[in-house]
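Given as structure tokens, the chain that follows is alone and in the form predicted alone.
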């Protein structure tokens, strides 16, 4: 299944926005991070889905997250997989564990790849790719 397309103007991957994910994408346009929280066990659900992987409930509420977390792991790419990254290699792809629990895979801005560290404190930042697509990214917290 194809989960993204390449924007012809930028050469950048754009996510396909599925209907069940629209609260996430609409909040991202407002520079807010929302995820599903199970109404029964209260755990935050990620990836987005129809049922809670912890208790099986299909009742959830879209809840605002803090946007703070730590780098859980990362990989540094030296090959530009799409035209957008031709002049941006090497770049780090990070998995951030947010304070509420889930781990989100994204980009890290504002830091050299040689300075990326597991445990680095980060916070949400946003990148508008098109008028309808704003991506969640992370940056070092407090300029660290």
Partner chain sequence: MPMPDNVDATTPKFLRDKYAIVGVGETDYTRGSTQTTRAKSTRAMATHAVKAAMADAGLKASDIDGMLSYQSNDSVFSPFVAGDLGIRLNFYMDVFGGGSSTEALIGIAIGVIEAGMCKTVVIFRSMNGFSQVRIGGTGARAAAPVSGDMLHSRSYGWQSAGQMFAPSFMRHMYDYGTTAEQVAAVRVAHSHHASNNPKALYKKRVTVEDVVTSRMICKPLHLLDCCVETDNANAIIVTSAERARDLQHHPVLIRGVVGRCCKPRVDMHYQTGPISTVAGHYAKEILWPNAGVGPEDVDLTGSYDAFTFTTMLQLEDYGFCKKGEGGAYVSDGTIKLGGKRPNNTSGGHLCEGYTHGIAMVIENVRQLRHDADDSCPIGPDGKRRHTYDYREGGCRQVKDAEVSANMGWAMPGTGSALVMRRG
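Quick caveat, the model's predicted, so the values are computed rather than measured. Numbering follows the first chain given and starts at 1.
The following text describes the form predicted together with its partner chain, which does not appear among the structures shown.
Engineer: Find the only residue in 106, 57, 63, 29 having a heavy atom within 4.5 Å of its partner chain in the predicted complex.
Structural biologist: It is 106 that has a heavy atom within 4.5 Å of the partner.
Engineer: Give a yes/no on whether residue 110 approaches its partner chain to within 4.5 Å in the predicted complex, heavy atoms considered.
Structural biologist: No, no contact at 4.5 Å.
Engineer: Is there any non-hydrogen atom of residue 76 lying within 4.5 Å of its partner chain in the predicted complex?
Structural biologist: Answer yes; at least one heavy atom of residue 76 falls within 4.5 Å of its partner chain in the predicted complex.
Engineer: Would residue 15 sit within 4.5 Å of its partner chain in the predicted complex, counting heavy atoms only?
Structural biologist: Contact with its partner chain, yes.
Engineer: Using the partner position in the predicted complex, report whether residue 128 sits within 4.5 Å of its partner chain, counting heavy atoms only.
Structural biologist: No, residue 128 sits far enough from its partner chain in the predicted complex that none of its heavy atoms falls within 4.5 Å.
Engineer: Are there residues in 34-56 with a heavy atom within 4.5 Å of its partner chain in the predicted complex, and which are they, in order?
Structural biologist: Sequence-ordered list: 46, 47, 48, 53.
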